[in-house]
Each structure stands twice: as C-alpha cells, then as structure tokens.
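Just the one chain here, laid out as structure tokens, in the form predicted on its own.
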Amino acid sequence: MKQIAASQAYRLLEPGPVVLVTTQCEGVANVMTMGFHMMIQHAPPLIGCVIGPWDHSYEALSETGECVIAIPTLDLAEAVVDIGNCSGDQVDKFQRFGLTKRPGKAVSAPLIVDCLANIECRVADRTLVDTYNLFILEAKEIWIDEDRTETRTIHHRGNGSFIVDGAMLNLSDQMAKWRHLP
C-alpha cells in the first residue's frame, strides 16, 4: 500500500454530494459551494456545515442564523465549481450563473429551483463555530423536484476531480436493526 498525507483524508471520506448554500442578509441573496457537511442526527434533523470567515456567506449565516442547502445535480457541475471560484461580495452569483430563486417557507434565504432538492435550515448550535467553523443546522423544510430527469449528484474528491452518483444499491430488506427510522 502507498502512504499518503493525513491531510488528504477528506478525499477518502467525503461527506456526500457537493451542495450550494444560499443566504440572505439585508435583502441581498448569495450562494456558495460547500463540500464539508455531515448528517449529525435524525430527529431533530441536524446537519453540520463548515462555513468559515473566508466565505462571504459566513457573515450572513452568522447574522441571520438561517440558510438553504440546495442539492445540485450533474448538469450544474460546471456552474457549481464556478460559483465556488468567485465571491458574493464582488458578483451577484444568481445572475451570473442564471440560477432561479424561489422564496422559502421557513427562512428568508432563497431556494434554488434549478436544484434537485432544497433544505431550509436554521442554526441550532453555534458553540463549535469559533473553534472549527462548524455550524450545526436544523432542517426545517425540505423541497424536492420529483419530476427532474437528472438526479445524479456530484462528490468532490479533491483537486477538481469528482465522482458522479451511479446505480442504486437497495439493501433495505437487510436493515432489520434500523427499520424504525423513516
């Protein structure tokens, strides 16, 4: 086996699909690309997200305590990368990348209609923000486009390489210990 740097662990244990995070502060909407997130628990549904002061969205999330996690699909891959390569303090990313906004139900941050799903979130715990830039978010509302033909998500593997979701493997019949979870 070949040894690699411990700092490359994220390439092996990537947390899930690359997502877009929207915020809105003082009437101005922004969107950022995020790859460092994780489910923390089922109920209430908590999601951990790393968003640091280097991200323009950090201030809006810190001030408003709310955001939307939008899940893009393969057809948006190039836009997702480009969104991550510019800052919302210099450009209106919704306009530049032709993203369609829709108001949320529980938060002021906009949903992205172009994405497969949107999760409206409120900050539930800020205690790890100063140390780890880790916001604990609670999902409040979820929207999914069941008519969408492209449903494959993208997963970042480092240095601009991605893996695309493939075939579904359904082993639900074997999940006897966890059947009580929806």
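This is a predicted model, so every value here is computed, not measured. Position 1 is the first residue in the sequence shown; the rest follow in order.
Although it is not shown, the form predicted in complex with another copy of the chain is what the next lines describe.
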TODO: Kindly confirm or deny that Tyr58, Val91 and Ile142 each have some heavy atom within 4.5 angstroms of another copy of the chain in the predicted bound form.
DONE: no
Task: Contact test in the predicted bound form: Gly84 vs another copy of the chain, heavy atoms, 4.5 Å - done: yes
Task: Contact test in the predicted bound form: Arg122 vs another copy of the chain, heavy atoms, 4.5 Å - done: no
TODO: Answer for Ala106 alone: is it within 4.5 Å of another copy of the chain in the predicted bound form, judged on heavy atom distances?
DONE: no
TODO: Flag Arg148 as yes or no: does it have a non-hydrogen atom within 4.5 angstroms of any non-hydrogen atom of another copy of the chain in the predicted bound form?
DONE: no
Task: Partner contacts in the predicted bound form for 24-47 (non-hydrogen atom within 4.5 angstroms of another copy of the chain) - done: Gly35, Phe36, His37, Met38, Met39, Ile40, Gln41, His42, Leu46
- [ ] Compare the CA separation of His56 and Ser7 in the predicted bound form with the one in the displayed structure, and answer closer or farther (the difference is at least 3 Å).
- [x] farther
Open item on the list: Thinking of the 3 angstroms or more shift, are the C-alphas of Ser7 and Ile51 brought closer or pushed farther apart in the predicted bound form than in this view?
Closed with: farther
